[in-house]
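In structure tokens, the next block holds one chain alone, the form predicted on its own.
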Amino acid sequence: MALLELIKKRKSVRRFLDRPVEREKILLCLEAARAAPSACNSQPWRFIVVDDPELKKRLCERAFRGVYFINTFCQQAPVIVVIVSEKGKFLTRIGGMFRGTKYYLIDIGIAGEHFVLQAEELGLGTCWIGWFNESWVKKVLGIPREKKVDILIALGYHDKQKAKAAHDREPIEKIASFNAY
């Protein structure tokens, strides 16, 4: 499949089949994420794959409670991938302070996108999750308090026949220009 076709095919999935995801496929997705570029090659990420059903249930019950209820659909996903942000290299952090840019967020975004595109190619569905109770995620998974959890990714098989159509995209001339704003 051509890359652009794969990118256009990928969309957020919120309904998952009750079917486990093979470890080999998860490892391929992690390998794709590991290959992502990062500022000064800092690789400021750590991936925690939660595929144990009981642990995933406990994680979801706590992470999506209260004001975070909108993402309770994650309980259906056989796998939750937790992306922990690690400190970038010293030069990256200093450069980010001068530029007002958190390069580690860009880096984990690229790595996460590599992950979800590889998942799509393998016939898996994903959904990026940014709205969750971070303190409970840390408690359930034993993540040190000083670490930052910015993203969760729900992962699993889904019924492609029932999948919603992709959202419309803005026309290219509305989002891009050459040589000037």
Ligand SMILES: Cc1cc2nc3c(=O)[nH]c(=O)nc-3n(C[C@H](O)[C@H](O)[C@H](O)COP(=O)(O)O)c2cc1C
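One rule holds for the numbers: they count along the sequence shown, beginning at 1. Note that this is a predicted model, so its numbers are computed, not measured.
One more form of this protein exists, namely the form predicted together with this ligand; it is left out here, but the text below deals with it.
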| property | result |
| --- | --- |
| Non-hydrogen atom contact S85 with this ligand in the model of the complex at 4.5 angstroms | no |
| Partner proximity in the model of the complex: G130 to this ligand, non-hydrogen atom cutoff 4.5 Å | yes |
| Any non-hydrogen atom of L124 within 4.5 angstroms of this ligand in the model of the complex | no |
| A32 within 4.5 Å of this ligand in the model of the complex, heavy atoms | no |
| Heavy atom contact within 4.5 Å of this ligand in the model of the complex, the stretch among 65-73, 47-55, 23-31, 134-142 | 65-73 |
| Neighbours of this ligand in the model of the complex among 8-37 [non-hydrogen atom within 4.5 angstroms] | R10, K11, S12, R14 |
